[in-house]
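A single chain, nothing else alongside it, follows as C-alpha cells in the form predicted alone.
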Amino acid sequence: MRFSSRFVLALVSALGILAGFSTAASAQETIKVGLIVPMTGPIAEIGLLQTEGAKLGVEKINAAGGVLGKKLELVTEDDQATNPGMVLAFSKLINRGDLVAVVASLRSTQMNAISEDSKKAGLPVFFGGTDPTLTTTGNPWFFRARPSDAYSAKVIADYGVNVLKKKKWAIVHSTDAFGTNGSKALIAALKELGVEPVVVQSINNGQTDLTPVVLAVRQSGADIISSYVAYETDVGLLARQFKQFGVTAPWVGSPSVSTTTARNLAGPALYDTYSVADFAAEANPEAKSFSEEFNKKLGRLADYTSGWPYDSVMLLAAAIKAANSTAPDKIRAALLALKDFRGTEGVYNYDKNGEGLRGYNIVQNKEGKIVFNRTITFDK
C-alpha cells in the first residue's frame, strides 16, 4: 500500500506530538531531585558513596509509596571535584526547570562557589560542607545535613584537653575554606580551654610530599596532633609520612580521618587515631539500620560520605509530605518547621540559618575498624 508524502509527514507530526505528550506526562510522574557528586577526578570514589547513600534513601521512600503519590527520581551531574565543575553542574541542574531541590557537595569550597547562584535559583540545597561560614551569609536556601565545624572544633578540643589530657597541640589543615575555617575554629576552642597550639601547618589539596609539614610537627614537640584535611587521599599520605618519620603522638582529626577511603589508603598508619565523626554506625538506631542496609547492598561499610546524602533525601521527603506540596518555598518552610527529625547523623532541628545538628561523635580506629566512643553535643 502506498501513502502520499503529505500523509507521511502528517503521520510523523502526529506521532511527534503524541511523543511530546507522553514525555510531558512522564516528567510529571516523578519528583525530581538534583544530585551533584564528583563522578570523575581524584575523589570519584567519594562521589560513588554519596550517590549510593542518596539512592538508598530514594529506594526506601519509593518502596513505601513515594511522596504525594509520586516517586522520587535523582538527576545526577558531575562536579569533577573542582569549583568550576561544581558551578557548571549546578547551572545544568537549575536550567532544567523541573527540580524541587538539590543535594549538593560535602566540600565547603564548592558550596561557597555556588552560594550566590543558589540564592537566585530559589531551591532548597542540602549540603555536607562543614565550613561554619556557609550558613552566615544570608542564604535562605542552604540546609546543612551535617554538623558544622563550629561544633567539631569544640568536640576535638574538649576530648583532647579534658579526656586525653594533652596540652601541646599541633594542627595541620588544608588551605581551602574547610581546612582554614576549621583550623580557626579549633584554635578558638582551644583558647577557651587555656591552650595555645605549638605549631600550625597548612597543606594544599593534592600535595604530593608532606615531608616539611611532618618534620615541623615532629620538631615542635607536640603531644597531640589534630587535623582539618579535606581530601581522604591527603589524609592517607599524611598518615603514612607520620609513620615513616616516627611521629607517634595521638591524632584527633576531622571526619576525613575515619572514612572508609582514608582507612583503605593508609592501612595500619591510621590505627589508634581518633576522629570526630558526624556519622557512627553505633551512635543511634537510624545510623545502625542504614549501615546494615548499605553494607548488604554494596558489601562495604557506610560512613558520613553516604550518610548525609541519605538523610538529605529523607528530610526532603518528610518536608514535601508535611507541606503537601513540591513548591520550593513551601518545602523550605516545612524543613524549618520539622522537629526532632531522627537521621543517621543525629537529631535534626533546623534554625533560620539552615543549621540542623549541634554535636559530634568521637570514634577510634582500632586495627582498621571504627569503634564508637561517645557523643558530645551542645545546646547552641
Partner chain sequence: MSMLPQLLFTGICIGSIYALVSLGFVLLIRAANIVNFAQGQFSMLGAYFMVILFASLGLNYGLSLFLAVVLMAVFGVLFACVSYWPLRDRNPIAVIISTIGAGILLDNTVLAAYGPSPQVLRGLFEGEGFLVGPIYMDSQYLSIIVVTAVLVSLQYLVFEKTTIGKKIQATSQDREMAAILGIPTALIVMGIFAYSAALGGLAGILIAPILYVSVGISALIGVKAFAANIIGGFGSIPGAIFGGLIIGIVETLGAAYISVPYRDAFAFIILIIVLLVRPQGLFGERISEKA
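Residue numbers count along the first chain shown, from 1. None of these values were measured; they are calculated from a predicted model. Basically, rigid core = biggest C-alpha set you can superpose within 1.5 Å across the two forms.
Beyond what is shown, the protein has a form predicted together with its partner chain; the following relates to that form.
Handout entry: Triple contact flag Val276, Asn284 and Thr375 to its partner chain in the model of the complex, non-hydrogen atom at 4.5 angstroms
Key = No: no residue has a heavy atom within 4.5 Å of the partner.
Handout entry: Heavy atom contact within 4.5 Å of its partner chain in the model of the complex, the stretch among 259 to 267, 185 to 193, 97 to 105, 146 to 154
Key = Single hit among the candidates: 259 to 267.
Practice task
Let me know the one among Val198, Leu215, Val163, Leu298 whose heavy atoms come within 4.5 Å of its partner chain in the model of the complex, would you?
Solution key: When its partner chain is considered in the model of the complex, the option within 4.5 Å is Leu215.
Problem - in the model of the complex, Tyr271 touching its partner chain (heavy atom, 4.5 Å) - result: No - in the model of the complex, heavy atoms of Tyr271 and its partner chain never come within 4.5 Å of each other.
Exercise for the section: May I ask you to check whether Pro250 falls inside a 4.5 Å heavy atom distance of its partner chain in the model of the complex? Expected result: No, Pro250 sits far enough from its partner chain in the model of the complex that none of its heavy atoms falls within 4.5 Å.
Handout entry: Heavy atom of Gly206 within 4.5 Å of its partner chain in the model of the complex
Key = Gly206: contacts its partner chain in the model of the complex.
Practice task
May I ask you to state whether Leu72 is within 4.5 Å of its partner chain in the model of the complex, using heavy atom distances?
Solution key: Contact check for Leu72: no, nothing within 4.5 Å of its partner chain in the model of the complex.
Problem - Heavy atom within 4.5 Å of its partner chain in the model of the complex - qualifying residues of 153 to 179 - result: Contacts from 153 to 179: just Thr175.
Problem - Core superposition between this form and the one not shown, C-alpha change of Ala302 at least 2 Å - result: Comparing forms between this form and the one not shown, the Ala302 CA shifts below 2 Å.
Problem - Exceeds or equals 2 Å, Cα of Leu88 between this form and the one not shown, core fit - result: Moves: no, less than 2 Å.
Exercise for the section: Please check if Gly122 moves between this form and the one not shown, taking a CA shift of 2 Å or more relative to the superposed core as movement. Expected result: No, the C-alpha moves less than 2 Å.
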